[in-house]
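Okay, so here's just one chain, in structure tokens, the form predicted alone.
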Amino acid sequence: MTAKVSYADVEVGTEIPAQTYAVDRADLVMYAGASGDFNPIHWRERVAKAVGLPDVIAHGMYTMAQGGRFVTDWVGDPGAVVDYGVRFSAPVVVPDEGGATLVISGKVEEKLDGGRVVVALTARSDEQKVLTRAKAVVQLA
């Protein structure tokens, strides 16, 4: 695959429209199975509250993966992401009824040599920033 976004078509400040991702407990159980992280704070409310959390929380790496999904959906090629990192600033709280939503947006922060760009991401759940310093370096066409 090759990136569907052209280096010539983006400038510093180009905004990537926000996407909303629904997160429910079934997503967390499936992620636990795929990742091998069966910590009960991610699926059992009683345990999450017993350790001081407001409710079940999404895996940090699940949240990070949704940011990666956002970038790869935008560029059109998962192989175009050459570097990606985040810091976790708050958990995504996933109530049993209604689940949670994760809203991710992005902006081209820098154009690098060789057709690469730095994309800064913003990820929020329940109006709270859940990822900080979230950036991806993407190889464009």
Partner chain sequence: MALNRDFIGRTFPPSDPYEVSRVKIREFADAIGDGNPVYRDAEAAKVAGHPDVIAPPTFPIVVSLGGAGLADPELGLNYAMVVHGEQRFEYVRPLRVGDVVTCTSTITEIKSIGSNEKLVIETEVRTVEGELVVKSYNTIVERGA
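Since the structure is predicted, the reported quantities are computational estimates derived from the model, not experimental observations. Residue numbers count along the first chain shown, from 1.
This protein has a second form, the form predicted together with the partner chain, left out of what is shown; the following refers to that one.
Query raised in the report: Hey, in the predicted bound form, is Asp77 touching the partner chain, heavy atoms inside 4.5 Å?
Result: Although the partner chain is absent here, Asp77 would touch it in the predicted bound form, with heavy atoms inside 4.5 Å.
Query raised in the report: Quick one: does Met30 come within 4.5 Å of the partner chain in the predicted bound form, counting heavy atoms only?
Result: Within the cut-off, so yes.
Query raised in the report: Heavy atom to heavy atom, is Lys129 within 4.5 Å of the partner chain in the predicted bound form?
Result: No - in the predicted bound form, heavy atoms of Lys129 and the partner chain never come within 4.5 Å of each other.
Requested in this report: May I ask you to state whether Lys49 is within 4.5 Å of the partner chain in the predicted bound form, using heavy atom distances?
Outcome: Heavy-atom contact with the partner chain at 4.5 Å: absent for Lys49.
Requested in this report: State the residue from Val103, Val108, Ala65, Val93 whose non-hydrogen atoms include one within 4.5 Å of the partner chain in the predicted bound form.
Outcome: None of the others qualify; the residue that does is Ala65.
Requested in this report: Between 78-103 and the partner chain in the predicted bound form, list the residues on our side with a heavy atom within 4.5 Å.
Outcome: Residues within 4.5 Å: Pro78, Gly79, Val81, Val82, Asp83, Tyr84, Gly85, Val86, Arg87, Phe88.
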